[in-house]
Structures are given as C-alpha cells and as structure tokens.
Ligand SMILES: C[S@@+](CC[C@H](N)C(=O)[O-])C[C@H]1O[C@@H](n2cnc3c(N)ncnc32)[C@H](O)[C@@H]1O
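Single chain ahead, written as structure tokens, the form predicted on its own.
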C-alpha cells in the first residue's frame, strides 16, 4: 500500500499513521474477510485498511459515539466547521477560561463536538479520564489553535468519513476486547493495538500482565488470523512479554519514533513489533 494515508479527526497518543504501510504489507485479507479491531483508539489503521465488513470497538464510549454520530449523519463536516469556528473564536478571546468551560460542559453533557474540541486543544493531544470518568487533561495553551487552515483540515477529515461510511458495512461498538474477539470466527481478521504493556500509556483503563495474557488466550481461541501491535525495545529496555506471553508468534520489526513525551529528552526511537499467528512470508510472496 503506497496510497496517501488518511488521518482521522480524533488524535490519540501513539497513533499509527506512519506505520500503516508497514502493517498493510503484512495483513492477510481478501474481499470476504471481516475486520475486527478491539482497541479502536483513533482508528487510523482500520479506517485505512479495513475491508467492506468491519467491527471497530473500544471501551471509551466517547470515541465510539463520535464515529457513530458521523455515521448517523448527526455530525457533518458543515456542523464541525460551524462549531469549531465559533468555539475557536471564543477560545482565542477567553483563552484557558473557555477551554475549562468546554471541559466542564463535556463532563456534564458528553457532547461529541465538545469532545473533538477538547481533543484538539488539550495538552499534547491526550485522552485521559479520572476515576469518576471525567475528562481531566489540562489546556494546551494555544488560544489560536483553531485557525482557519486547522479547522479546514479537521473538516476535511470528517468529510472523508462522510464519503466512505455509506460505502462500507462498518460497525462501531462500545464494548470490551473480549466481547469483540468472541464475535470473530475462522476466516475473519483481528487487528489489535492494545495499551503497550510495561510502558506509560495514555489510557484510562489499567493494563497489566493479566490482561495481556487474557488477550493472548482470546486471540488464539478465536480461530481467526490476528495481528498485534506492540513494542520490542527502546534504548533503555526490552519488552519481556514478547518471549513469554507471545512466544510462538511470528514477528516483524520496524523502528519508529514517537513524539508523545512532554519533554524532548523523553521522545525516543522505539523498535515496534507486529506479532502474528500466521506466516507473513506467505503474504509477502503473494505481493511479488
């Protein structure tokens, strides 16, 4: 795949935009394959690679509702432009007061456009909730964030979804990864991008070895082909779970640089790993 990569309107730390081509080359799909993505996040991988039939899921209800509202036509590119131009002007005038006003309003009413506003103006593009399930990311201190060109960029991202959603049978579900994987059967394909175990992740749910092992068991029990994105190593340490929990999987590596640290010194290259329950060489052979 060498086409231009579509970037979704929702930003999430660790987004896989620059890895979509690498992932695409190793994916085993045909026109009858149904795609399952139990950790949707921004959705950048599936929204670029999923076939006609797909299920995207996440336990974050606000991400899922945002995409469902576009699918239902409640959120349109025109509404997004009107909203961001209005709220962006108020942000420029009132700065942090308006950001925290929108944050309080979202935590009370859970409006999807407010969620988009916060996602695009909060600190470092984070999505984080406290134990009361309140969005608690501080302001990014960019009062002119929603300049005309930036608003147009987001509008075009929504406009693209307005075009492709009617062309595909894509479902967006708020549910656990276990529920989503149990829906898959032999002949389906599951792409997983769970929180990276052993690393600080911008995810409101905890993630530990118990969940990593549960994910492994569910994937192998599904009978479907699967691909899991994770990390192999950085300059400080290695991911020990690749040799233990995921022992027996095929593995592909690529170096990737994440721009997600608050400080420049914390932004380092990492070796990414794709773990698969099928031989990727056979996929590569079909591309030759």
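Nothing here was measured: the structure is a model prediction, and the numbers come from that model. Positions refer to the first chain, counted from 1.
From this point on, the text means the form predicted in complex with the named molecule, which you will not see here.
Participant: Spell out, yes or no, whether the shortest heavy atom distance between residue 207 and the named molecule in the predicted complex is within 4.5 Å.
Facilitator: Yes, residue 207 is a contact residue.
Participant: In the predicted complex, does residue 14 have a heavy atom within 4.5 Å of the named molecule?
Facilitator: Yes, residue 14 is a contact residue.
Participant: Would you please decide whether residue 27 lies within 4.5 angstroms of the named molecule in the predicted complex, comparing each non-hydrogen atom pair?
Facilitator: No.
Participant: Find out whether any non-hydrogen atom of residue 194 is located within 4.5 angstroms of the named molecule in the predicted complex, and reply yes or no.
Facilitator: Contact with the named molecule, yes.
Participant: Heavy atoms, 4.5 Å, the named molecule in the predicted complex: which of 32-40, 47-55, 217-225, 233-241 makes the cut? Say which one.
Facilitator: Flagged stretch: 32-40.
Participant: So which of 168, 107, 76, 176 gets a non-hydrogen atom within 4.5 Å of the named molecule in the predicted complex?
Facilitator: By the 4.5 Å heavy-atom cutoff, the listed residue in contact is 176.
Participant: Considering the named molecule in the predicted complex, which of 211, 136, 124, 152 comes within 4.5 Å of it through any heavy atom?
Facilitator: Looking at 211, 136, 124, 152 one by one, just 211 meets the 4.5 Å heavy-atom criterion.
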